[in-house]
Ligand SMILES: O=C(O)CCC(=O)C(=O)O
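Take a look at this one chain, the form predicted alone, written out in structure tokens.
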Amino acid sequence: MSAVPLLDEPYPLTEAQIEQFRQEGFLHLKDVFNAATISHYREHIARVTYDNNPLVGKDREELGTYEKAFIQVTNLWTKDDVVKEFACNKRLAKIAADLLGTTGIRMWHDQGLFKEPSGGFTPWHVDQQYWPMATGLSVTAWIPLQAVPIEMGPLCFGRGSHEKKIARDMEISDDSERYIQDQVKKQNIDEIQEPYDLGDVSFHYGWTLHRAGPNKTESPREVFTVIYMDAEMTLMEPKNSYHQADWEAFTPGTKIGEVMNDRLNPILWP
């Protein structure tokens, strides 16, 4: 099977998997892509990520914990047509629609998240606190571009934490790591961390607590993520500087209260 046709073929989900996602806040799926697909698109994703590395020339000792965790580049799909082909694929978008229970799915943005061999841990946090979205109907697909054993730092999720409303106004930092870890223990939230085989993809709500360990291997942990939202998602009035910044970066043509129908937010499904 070639790489491109696979992108339009549906990945069947069971009702049990959908229910599990909605209860636990995340879902780890096996064999979403074959090795040929990952290999084909990894080359382009890696090139665009490294070419746009924001850490080039910076003194590592002066970086914060978050910056030390990985190279982060957003909106890769706008920088390369082959990356766009992968980022906008119907296979993942249909999974997102099934999990969220929406009739349509839009792009919020994509990211290259490359944790180098020296990459430190990613602190506990929630994603959606940074996004000016009016509802919680958002989901992130976390797509490793290689197998990710535990020592390479795969995601760790707080089971059911999307319902807990913990640290929803805390910037990702050493403080969020300490506070959320304490709350995870106090509220008896299960921490779920599993290795990823090549071709695995996980999905998590924007409000699901998650973190990742450091990369203790000699190889970079290369991951591509795509963040999806309900096709009818509207822009809420920014509550903080992060909301304002993401409004300007990811849906600049949208006005408060409007559906995010910006050119950067195409409908990916159906």
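Everything numeric in this text was worked out from a predicted model, so none of it was measured. Start at 1 and count along the sequence shown; that's the residue number.
Only in words, not in the display: the form predicted together with this ligand, which the text now covers.
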Contact of E177 with this ligand in the model of the complex (heavy atom, 4.5 Å): no
Close approach of R106 to this ligand in the model of the complex, 4.5 Å, heavy atom: no
This ligand contact at T225 in the model of the complex, heavy atom, 4.5 Å: yes
A212, heavy atom within 4.5 angstroms of this ligand in the model of the complex: yes
The single option of T102, Q129, N89, T122 touching this ligand in the model of the complex, heavy atom within 4.5 Å: T122
Candidate from L145, V83, A93, L113 lying within 4.5 Å of this ligand in the model of the complex - any heavy atom: L113
In the model of the complex, segment of 135 to 143, 161 to 169, 190 to 198, 177 to 185 with a heavy atom within 4.5 Å of this ligand: 135 to 143
Any residue of 160 to 190 that, in the model of the complex, places a heavy atom within 4.5 Å of this ligand: none
